[in-house]
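We begin with a single chain expressed as structure tokens, specifically the form predicted alone.
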Amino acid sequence: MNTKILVVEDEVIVAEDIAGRLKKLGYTVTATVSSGEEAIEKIAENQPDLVLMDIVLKGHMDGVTAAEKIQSNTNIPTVFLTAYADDKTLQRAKLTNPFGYIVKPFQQNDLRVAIEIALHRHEIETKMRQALQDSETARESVEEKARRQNQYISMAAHELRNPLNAILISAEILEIDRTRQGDESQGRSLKLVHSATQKMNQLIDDMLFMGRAEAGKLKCNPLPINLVEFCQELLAQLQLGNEAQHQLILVPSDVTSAILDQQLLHCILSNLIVNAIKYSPNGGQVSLELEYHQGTKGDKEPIFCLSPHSLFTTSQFPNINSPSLIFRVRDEGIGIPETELGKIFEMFYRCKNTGKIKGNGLGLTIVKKAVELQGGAIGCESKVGIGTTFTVALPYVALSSKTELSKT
């Protein structure tokens, strides 16, 4: 049966008799002890499946008190053994919710029946507790999803209101200027409409991305990609909407091609660069650096910074010594407070020093999910007033000649 039983009996001869009967019935006796204190110690050493506990024991702790302590610390069922007990002791025993009660002297079959019933009842109760726990977990999960959906709705209502108002106002201005032929005013209004529309589209895309990610519907679809051309085109697109005219710089590497998910890579880099521009209100330089990391143990330069002002995680990148592509986005912006670095990837979280800079707190959450979908890792080094560097490491898969031919 492999059922382990601890016998607690202060009469040595009786304890040996019970142990012998249990062995004949096919049970394993982990130990025979004579006091409640010893019982608690033995349970800690080798947890049995059941405890046979004499109520009347020598020492400062009787069987009822020992059973109470065992019940409070473990989920091990107790069956009481006794030859006699007063009513007060029996009432105390009931409060410990025992799984059985055997009166001495007893027959061997009585012992077996009591043990099997106790084990069966314990198994059923354990399953019921687990079912209740699973039900509670499921309920909390549903409530959490509902809470997030409410956050999405609230955020969408708040974030969409401003660009919608901008579009309505611009439309009214255009209608007024239609008869006045104000080309310059019309140009400004059209630019405002374009900007507001872009913001609305981006918010909708972000919400759709998070919805698909939480539903487990996002997949990684790696295909051949020219890294330099991809990054150049991305920076050119972002430069068009860069009203503060930050200097966007690409620092390429010797590796120009790889196999990556283009949509996820665009999601990662665009969010990081847009953040770099947004949180560098005084302009300055934003650089995108590409690097090939060989991954040998002899590498002197670590992928992730280890300064006191850094956050790094490799939990999603188990083999950091394997070849990898490194993308670094550096800015000269406001920086992230050291005390808040550990929270920047949480959904809807925004640092306290962002002030009136607009944002919805989804960008870095999206970036982290997109990185993890590709089996990579992301790190951040930042110092308030100096700037921030985000480092993304993605597994490198080189293009074979067959892959290049299939692309053409």
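Just so it is clear, the model here is predicted, and its values are computed rather than measured. All residue numbers are counted from 1 along the displayed sequence.
Absent from the display: the form predicted together with ligand ATP. The rest refers to it.
Peer 1: Looking at the partner-bound form in the predicted bound form, is T354 within 4.5 Å of ligand ATP by any heavy atom?
Peer 2: T354: yes, in contact with ligand ATP in the predicted bound form.
Peer 1: Determine whether any heavy atom of R328 comes within 4.5 Å of a heavy atom of ligand ATP in the predicted bound form, and answer yes or no.
Peer 2: Answer no; every heavy atom of R328 is more than 4.5 Å from ligand ATP in the predicted bound form.
Peer 1: Determine whether any heavy atom of K278 comes within 4.5 Å of a heavy atom of ligand ATP in the predicted bound form, and answer yes or no.
Peer 2: It does: once ligand ATP is placed as it appears in the predicted bound form, K278 has a heavy atom within 4.5 Å of it.
Peer 1: Can you check whether L362 is within 4.5 Å of ligand ATP in the predicted bound form, heavy atom basis?
Peer 2: Contact check for L362: yes, within 4.5 Å of ligand ATP in the predicted bound form.
Peer 1: Any idea which of 368 to 376, 345 to 353, 38 to 46, 57 to 65 reaches within 4.5 Å of ligand ATP in the predicted bound form, heavy atoms considered?
Peer 2: Selected range: 345 to 353.
Peer 1: Using heavy atoms only and a 4.5 Å cut-off, determine which of L81, I115, L288, I336 is in contact with ligand ATP in the predicted bound form.
Peer 2: Contact with ligand ATP in the predicted bound form is made by I336 alone.
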